[in-house]
Each structure stands twice: as structure tokens, then as C-alpha cells.
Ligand code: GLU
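Only one chain comes next, encoded as C-alpha cells, the form predicted alone.
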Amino acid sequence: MTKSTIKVRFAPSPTGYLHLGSARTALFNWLYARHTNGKLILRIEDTDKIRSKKEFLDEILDDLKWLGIDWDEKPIFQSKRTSIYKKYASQLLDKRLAYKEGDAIIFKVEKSRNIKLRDIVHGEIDFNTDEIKDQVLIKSDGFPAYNFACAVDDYEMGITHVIRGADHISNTPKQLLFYEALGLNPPKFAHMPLMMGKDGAKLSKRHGAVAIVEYKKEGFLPEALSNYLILLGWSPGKNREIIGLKEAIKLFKIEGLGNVQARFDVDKLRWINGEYIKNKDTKVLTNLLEDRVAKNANRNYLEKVVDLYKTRFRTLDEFTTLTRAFFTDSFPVDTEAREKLEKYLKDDKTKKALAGFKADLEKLENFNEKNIEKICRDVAEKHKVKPAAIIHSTRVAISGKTVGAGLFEMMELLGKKKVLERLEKHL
């Protein structure tokens, strides 16, 4: 088999939003297709007419594109292929390998047989047909059952490798029976271990968001999320944790998929997202943040705030929380920050030092970081207090927080008028 003949598929069901686990499956199929110069086909499993919705499909397609995944050929819709499934079901009826039960067609499973699956990830897996009941091929509503449609479509589409989650392992022997009965060659299978929560339990909302759309809204970058999902089941080697899609394509090998359950850790994802943020061009990052801050924010000013904070926030949402004081005077004061300010202001020496700091700032003509710092240290020495007392108190007064970018850089960016107004208000 040449590399160009490899064909894989991703088969989402438009009955809900794209889940993290499904996105990971799509990524591995895409990586394998691109690594081998093969093809990735999109198959929409929309035979559940009640739950399938266009809004879900539109979001799924948008999410795939957002993650950097493209596909070859037009998507195939199962709901438009009922005549194909009925044709194959009729063949099994003619061979007396299936029977009718009302309007439904049922496949007879021969008992006491052993079925072997050679899985790329798990090795050889044995199944006994005594554990498999007769299988529905065509339901009474005329639509195919999942496993039958899956087997027929994979053959009709020329799929060579099926890469999917380990929750489908139990479906595989049923599909192998259909291939055998129809005289068709099955594809190769690779079942990836399921994605679990950090605590080892099945991934659910208590571990954080599970839909890709929620991560988009929260301000995760697509390249960071793709990067992290790739690491959940595969490694580029050398303990690397940051890898772009282009390089991952070159290095990816299907044999390298791990057989250990992957644990989703949102803190690790946040760290990776932070790495991508701090290495992103400030202008590009500002474009992503523009609609998250005050609409009347000056572009040049916004870029300066982004540049000052790009090493300090790990999601785009976090930026708006950290930097609110740069765009409005009605920013909240953290409880810890308020307590710290009250503590400093109870000390007469510190209170006088802060008043002296404000007075000297009023006289300062060139209001820049270097000059502000000099005044701070001179005042601290004059009043016999630690510079930290002035720095911490001033930070709370001008930003409402105990942490942030360098104080003197913040003050220069906010400007003399704004800084003095806020010091006056709190002191």
C-alpha cells in the first residue's frame, strides 16, 4: 500500500456541540492523513432525525476549522444514503444471513465463534459471538442502525484506517461480522484510549468545559488547544510540550499512539495557552482582544497594555480581568487588596510616605517609569519605610489588585492625571 492510498474519516453526529474527545479524534485522523499525503473525509452521522440539528453541524464545522483541521471532498451525509444501506441489507437477506421483523431487517449472529481484531494501538483482541446478540441492520423507520451504516460507509468511502476512541472497541466485532457476511475487506483499526478527567474519572463538566465552543469563548487560542489535545495520546519525543501542527504532521506516526488513558488537565492547557500568548506578535494578539475590551479604547494604547501584560495572562478572558483598571475607573478592588491597603494606611509612617509620594509625583514633569521609581525610593528612604509599602499600596489604589505588571510601567502607561486621581481617592 502506498502512502497516497491512505484514507481516514471523522464522523461527527450533529446532535450536540463538538466535544474535546471528538476533537482529539479528528486531530489524529487529520494528522495521519496529512502525514501520509492521504485523505480525510468528513461523514455526518445524522440519522437521528429528532436530535440532529443544523446549528450543531454548523458549530462543529466551524470548530474543526478553528482548530486548524481541513478535509478533502464534500462531507457525506448518512441521511441521504438510505438506499445504499437498504441495498446491502437486501444482499444479506438474499443470503439468508438476515431476517425481517416487521419493517426492520435483523442480522443473524452465528454463536460460539471467535473473532480476532488486530488493533494498531492495543494489539490482538479476541471476541466471542456468544456475547453479541442479533444486530439490527435497518430500523423500522427505514434508517440504518449505527454499526451497519458505519461498516457500509467505511467500505463505500474506501476508508483504509479507522482511528477512533476505545469506547468503539465493542462495536468493531459487530462491524467485522458485516464485512465478512458481505464479502468485503475491513479497514485497519486503531482505538485510542479515552480521555479522562485529571482524577481518572470519565471526563465531564465537573472537570471544566467539555465542548470546544466553550474554550473558544473563554479565550483559548486554537493552536494551543490543538497542541494540548495532540499530547493526549501521542508524543513528539524529547519531552517536548509545545509543538505546532505543521511540525506535528512531519513527526506523526500512527504506531506512536499510546495505549494509556489520557488525562485532561485544564491547568496544563492554561499553561500551554499562556506560552502561545506570550510568544504571539503583540499586534496579532491585540486583534484578538479588541472586541473584549472597551469599544472606545485607543488602538495604540491597547497595544501597549497588551505588550505589558502578555506574559501574565493565560486566556483572553483573563486579560480583561487583569487589565480592567486600564480601561475604566469603575474597577473592583479585590478583597485581599483592600485589606492590604487598609493595613498599610493604619501605619502613620506609611501613610505620610504615600502622601509624600503623591506630592512629589504632582511636581514630576517627565512622568516615566524611571523617574517614578526614583521618587518612590527617595520618598521611602526619607520616611524610613520600605519601598514595598509604597509600591503595594499604590498598586492597589490604581488597579484594585495585589499583582500585575511592574508598577512603575503601569503608572507611566496610565498617565499622571489618572494615577493622581486614584491615589487621591484612596488616600
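Numbers follow the displayed sequence, beginning with 1. Here the structure is a predicted model, which means the values were calculated and not measured.
One more form of this protein exists, namely the form predicted in complex with the named molecule; it is left out here, but the text below deals with it.
> Any chance Ala11 has a heavy atom within 4.5 Å of the named molecule in the predicted complex?
Because a heavy atom of Ala11 falls inside 4.5 Å of the named molecule in the predicted complex, the answer is yes.
> Residue-level contact is defined here as any heavy atom of the residue lying within 4.5 Å of the named molecule in the predicted complex; does Glu45 satisfy this criterion?
Glu45: yes, in contact with the named molecule in the predicted complex.
> So, in the predicted complex, is Cys150 in contact with the named molecule at a 4.5 angstroms heavy atom limit?
Taking the distances in the predicted complex, the answer for Cys150 is yes, it comes within 4.5 Å of the named molecule.
> Consider Arg314 of the chain shown here, and say whether it contacts the named molecule in the predicted complex, taking contact as heavy atoms within 4.5 Å.
Result no; Arg314 lies far from the named molecule in the predicted complex.
> Check each of His168, Arg81, Lys268, His122 and return the one that places a heavy atom within 4.5 angstroms of the named molecule in the predicted complex.
That would be His168.
> Between Trp71, Tyr146, Phe143, Phe127, only one gets a heavy atom within 4.5 angstroms of the named molecule in the predicted complex; which residue is that?
Contact residue from the list: Tyr146.
> Considering the named molecule in the predicted complex, find the one stretch among 94-102, 160-168, 177-185, 224-232 with heavy atoms no farther than 4.5 Å from it.
Going by heavy atoms within 4.5 Å, the stretch is 160-168.
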